[in-house]
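Single chain ahead, by itself, as C-alpha cells, in the form predicted alone.
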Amino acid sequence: MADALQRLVGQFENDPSLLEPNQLRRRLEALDRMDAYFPDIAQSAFGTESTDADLCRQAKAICARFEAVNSGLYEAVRRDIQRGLGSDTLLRWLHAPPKEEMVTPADGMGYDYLDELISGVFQFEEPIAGHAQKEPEIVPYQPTPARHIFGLIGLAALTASDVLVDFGSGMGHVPLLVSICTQARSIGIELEANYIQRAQQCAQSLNLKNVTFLHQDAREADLSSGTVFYLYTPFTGSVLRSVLDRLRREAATRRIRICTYGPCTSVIANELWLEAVEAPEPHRIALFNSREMSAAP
C-alpha cells in the first residue's frame, strides 16, 4: 500500500500541469486514485513510522492543493454566470477534453467530471430533512447526468421563444443549466418542497432571471406556456398516463416537443400523437415532436 501511494505522490508532485485550472478532469481522476488509499492511511499502518507519516502528509497536501484549484475554478465559473457569461464558459468545458480522452460510463447512465463541475458551481445546500409523501408511481429523484442535459440543449435547439418545462425537476439541474446556456425560459415542477427551496436559492445566488420553480403536481400544473417538456422518468403507470394525456391536449392547441430520458422513453415512443426525431437509443436523450392533430388518432 505504501509503495503504491509513494508512486502516486511522486507522479502527481512531478506533474505541475495538474494545477492548471483547465485540467479539472485529470485532477478529479487523481483525487479519486488518492482517495482509494486514504481509508487505510487513517489506520495504524500509517503514522507509526516517520516515513509513513511524511508520506501521509504529502498525499494530503497534494489533495488539498488540487481541491483548492478546483474551488477557485468553480468560483470563477460562478462569477461568469452571475455576469451573464455562463453559456460560453460551460460550453467550453463541455468540449474541452479531446474526444479520445473523454471518460464516460459505458452504459451512459453514470456521472462524470461534468457533474463534479456543475455540483461545484451550483453549491447546493443540503435539503432539510423530511420528504413529501409520494405515491408508489412517483419515482425517487435522481439528477440527469450533466452531459445528457447538454445533449438535450443541443438536440432541442432551444431559442428565446421556447419555454422548457421539467417534470420532477428535483434540485433544478436541468432548468438551471437551460437558463444559463440558452435564451429560453425554464420551469421546474417538483413535489418536494425542500428541493424547490434549494433550486430557488441556487437560481438567486447565480443571478438567473429566466428560471422558475413550482411546488406543484404535474397533473395539476399550468402547462399552457410550455413548448418543450422534459421527463427523466419522474413517474410511471397511471401518473405518467395522466401527464401524457394532458400533454396531448396541449398539443391540440400548438406544436410541442417532448424530451425524455430513462425507461419512460419506450412508453412515450408508442404515443401515436408523437413522432420521434430519430430512433430512440438506450441511455440517450430522445426528442419527439407532436404531430398535426389531424394525423393522430
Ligand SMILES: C[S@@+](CC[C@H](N)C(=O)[O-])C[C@H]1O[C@@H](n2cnc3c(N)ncnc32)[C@H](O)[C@@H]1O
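It should be emphasised that the depicted structure is a prediction, and the values quoted were computed from it without experimental measurement. Don't overthink the numbering: it's just position in the shown sequence, from 1.
Another form exists, predicted together with this ligand; not displayed. Remarks below refer to it.
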This ligand contact in the model of the complex: Thr182, any heavy atom under 4.5 Å: no
Phe167: touches this ligand in the model of the complex, heavy atom cutoff 4.5 angstroms: yes
Residue contact check: Gly110 to this ligand in the model of the complex, 4.5 Å heavy atom: no
Touches this ligand in the model of the complex: Val163 (any heavy atom, 4.5 Å): no
In the model of the complex, segment of 155-163, 201-209, 112-120, 184-192 with a heavy atom within 4.5 Å of this ligand: 184-192
4.5 Å heavy atom contact with this ligand in the model of the complex for all of Ala76, Ser87 and Val178: no
Sequence-ordered list of residues in 140-156 near this ligand in the model of the complex, where near means a heavy atom within 4.5 Å: Pro140, Tyr141, Gln142, Pro143, Thr144
